[in-house]
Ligand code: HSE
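One chain comes next, on its own, written as structure tokens: the form predicted on its own.
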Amino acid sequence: MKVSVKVPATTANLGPGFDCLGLALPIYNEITVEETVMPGSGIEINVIEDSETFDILSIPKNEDNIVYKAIELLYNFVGQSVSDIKITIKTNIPVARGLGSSASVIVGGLLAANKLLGNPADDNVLLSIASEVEGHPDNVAPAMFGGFCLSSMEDDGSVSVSKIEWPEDWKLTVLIPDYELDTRIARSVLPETVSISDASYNVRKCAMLINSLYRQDSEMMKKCLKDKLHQPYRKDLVKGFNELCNLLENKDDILGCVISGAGPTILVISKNDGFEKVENEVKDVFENINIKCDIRTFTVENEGSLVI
């Protein structure tokens, strides 16, 4: 028996929501897990590369693979040892770009393995395991449930999630550059402590962001997509970010420009056809700094992971 799961890409943080806000995007990885019929055959991990920007050599093919680690935790939860399994990862989400590629394969592997086991774990357990492996829930929550998710990892390891409707006319444009940025490097530049004033700034902006979604208030949203916890420290690692923020500020129907996850992808949130009006200017920014960039505009992916 084998099970395949299609999982969306995600963009996390959205400015002030460091490690707690995320959105699902309609780019997908597909993960297949099957129990092999040959006893003692061990672990087999295959990668099928769909994305031109994917480094197939970057995925471990042994017990160090994050999909296998997640599956092993699930088996341990139900009191079993992992049987001989084959994991196939069909990739379309570029890695190390701030688009939740690791979260997608973790979630896909867990959902597929859970189905193979007869669904012994509920969503809360699966979300907790995925967050443990990933390190935080901001990407795994929208990868599982789709849409816009506010998530919090609690002290007992559980994860609380609230899914909030994203306005249909607020478009998401991802600017995916042709270079990678290791999440560990993006994390290493962050300070160990921050000031009360910076923390308070982000609390205010995050609260206003949630309220702007409930009210579908684009004018309020324009004031919310700034932060002082991570983007000031990462901006020099994300080529073109400063130039784009300056270009897009005060443009009609552009709600904001943020680093997607840990970067280097940049997310632009716009209303109606706001991004189309400035797309050529955006392309000029990247051409001027000699960066090739894949530009894609979407509406939010609301369905989340799907067993196929």
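Please read these numbers as outputs of a predicted model, since none were measured by experiment. For every residue, the number given is its place in the sequence shown, counted from 1.
Beyond the structure shown, there is the form predicted in complex with the named molecule, which is absent from this document and is the topic of what follows.
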task: Using a 4.5 Å heavy atom cut-off, indicate which stretch of 85-93, 169-177, 214-222, 132-140 touches the named molecule in the model of the complex.
output: 132-140
message: So in the model of the complex, is the named molecule close enough to Ala262 to count as touching (4.5 Å, heavy atoms)?
response: yes
task: Please run the contact check for Ala12 against the named molecule in the model of the complex: heavy atoms, 4.5 angstroms, yes or no?
output: yes
field: Thr183: touches the named molecule in the model of the complex, heavy atom cutoff 4.5 angstroms
entry: yes
task: Evaluate Phe298 for contact with the named molecule in the model of the complex, applying a 4.5 angstroms cut-off between non-hydrogen atoms, and reply yes or no.
output: no
Heavy atom within 4.5 Å of the named molecule in the model of the complex - qualifying residues of 216-234: Arg234
